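A single chain, nothing else alongside it, follows as structure tokens in the form predicted on its own.
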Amino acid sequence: MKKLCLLVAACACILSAADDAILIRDVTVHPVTAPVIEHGAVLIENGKIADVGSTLQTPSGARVIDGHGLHVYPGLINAATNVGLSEISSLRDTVDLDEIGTFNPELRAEIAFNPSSEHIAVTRASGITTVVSLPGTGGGISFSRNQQPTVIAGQGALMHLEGWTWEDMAVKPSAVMDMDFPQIRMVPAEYAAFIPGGARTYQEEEKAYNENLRQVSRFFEDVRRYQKAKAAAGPDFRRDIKLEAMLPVIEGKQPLFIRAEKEKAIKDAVAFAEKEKVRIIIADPTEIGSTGPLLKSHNIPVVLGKTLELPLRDDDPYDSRYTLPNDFYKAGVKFCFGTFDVEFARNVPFEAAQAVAFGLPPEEALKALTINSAEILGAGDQIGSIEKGKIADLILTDGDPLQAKTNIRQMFIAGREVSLESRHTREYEKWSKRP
């Protein structure tokens, strides 16, 4: 009887696996890390890519999708957003960002992630299957005399854009530690009147900058003392949640996601990383200056912000932001793209496309939305390309996903087909039927 039960259970598992299998065939496969396969096929089993090739056999009971005339790409990744943490910016109760305090490393974005956010479906519609959700907006540096800036906002999470709960959706919880590196930022005279308490002078700004750097150094010293005390103590050691959250950073397990806008800030951030012996990712730079060789020699990657932006300075070339990705590419620096917001997170493919129009090779733009993002975020063995054994995050399209005219026909996240319906499509359907 026992053997019969085991046999029945084994048969049930086999049938379940077959029912879960999906074969996409006669499709142009863009693996990203390998040459394009014309008239290829991709087999999905148990949420992962089971095989990729020119001709694959159809498993018994598998669902077959005819991809004739279509293309299959890995799901796109937006490497910097506030998706899931902010709903309506004008309603404070729907925005879970920028907590009070200078150092908040214990805050974890994935716990506050809202799986029911309307922005998730809207973002998916552009072929984006995964995002990094950050706990801060990057506006932590204060121009006011009376306000203390937030330097470490908390831990950003790499999240799938499908699932019932945040636990289901987390690809890599606590992927990065979000840090707004101290910088000297002057307010233009015409905006100074809008700063509470008045904007600081350059001398005051420089003094605040130096004090902020000293605070950061003292905080890291506290973390290292805590690390030593914990290693020497017994089971009754009293833990400090702030300092405990920083241990993966100083142990090299978690990178600092350092927002450094200008050339000087990038150089300061690299010097800081060398001093503290930590891994860093430079986030949202608006210029490269002379930092290319420095970043390349230290193997420091970059997450670029929006390409469709105005130049940093009034006398910069009009296309300085359009050409910035190609500048980093020519310097040999690994980079990817993020939008650093929620409402325009869906536009990240078109930010990359703008860079292509101004010199970036198309294949590098695609890598910057897929495998580069995955590798920079420490998930290159899970997502970012169409390879055997990776999570089946796939999009089926009728053209290049960087082109606005391309339609996303089908999407799979962790092997599950995902609806492409969103608030936008519902509104379109509603008003297109208006009498």
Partner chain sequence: MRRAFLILWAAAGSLFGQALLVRNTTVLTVTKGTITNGDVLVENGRIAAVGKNLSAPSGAQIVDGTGKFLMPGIIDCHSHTAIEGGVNEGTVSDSSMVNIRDVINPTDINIYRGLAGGLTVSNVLHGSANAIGGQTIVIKLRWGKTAEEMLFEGAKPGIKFALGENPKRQGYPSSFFSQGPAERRYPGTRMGVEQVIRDSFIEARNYQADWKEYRDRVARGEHPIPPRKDLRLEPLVEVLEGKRYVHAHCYRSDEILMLLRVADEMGFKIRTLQHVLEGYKVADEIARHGAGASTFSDWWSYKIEAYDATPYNAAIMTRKGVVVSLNSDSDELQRHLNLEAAKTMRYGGLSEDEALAMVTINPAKQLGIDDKVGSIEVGKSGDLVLFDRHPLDNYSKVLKTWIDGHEYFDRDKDLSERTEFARKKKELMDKEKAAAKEVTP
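Quick caveat, the model's predicted, so the values are computed rather than measured. Residue numbers count along the first chain shown, from 1.
Another form exists, predicted together with the partner chain; not displayed. Remarks below refer to it.
Visitor: Which one, T58, N46, N407, T33, lies within 4.5 Å of the partner chain in the model of the complex by heavy atoms?
Guide: Only one listed residue qualifies here, and that residue is N407.
Visitor: Exactly one of F103, Y329, F350, F272 has a non-hydrogen atom within 4.5 Å of the partner chain in the model of the complex; which residue is it?
Guide: Partner contact (heavy atom, 4.5 Å) among the options: F350.
Visitor: So which of 297-305, 340-348, 218-226, 234-242 is the stretch with heavy atoms within 4.5 Å of the partner chain in the model of the complex?
Guide: After filtering at 4.5 Å, what remains is 340-348.
Visitor: Determine whether any heavy atom of Q203 comes within 4.5 Å of a heavy atom of the partner chain in the model of the complex, and answer yes or no.
Guide: No, Q203 sits far enough from the partner chain in the model of the complex that none of its heavy atoms falls within 4.5 Å.
Visitor: Is the gap between H160 and the partner chain in the model of the complex 4.5 Å or less for some heavy atom pair?
Guide: No, H160 sits far enough from the partner chain in the model of the complex that none of its heavy atoms falls within 4.5 Å.
Visitor: Would you please decide whether L402 lies within 4.5 angstroms of the partner chain in the model of the complex, comparing each non-hydrogen atom pair?
Guide: So L402 counts as contacting the partner chain.
Visitor: Classify T165 as contacting or not contacting the partner chain in the model of the complex by the rule of any non-hydrogen atom within 4.5 angstroms, answering yes or no.
Guide: Although the partner chain is absent here, T165 would stay clear of it in the model of the complex, with no heavy atoms inside 4.5 Å.
Visitor: What residues of 412-435, in sequence order, lie within 4.5 Å of the partner chain in the model of the complex by heavy atom?
Guide: Heavy-atom contacts to the partner chain in the model of the complex: R423, H424, T425, E427, Y428, W431, S432, R434, P435.
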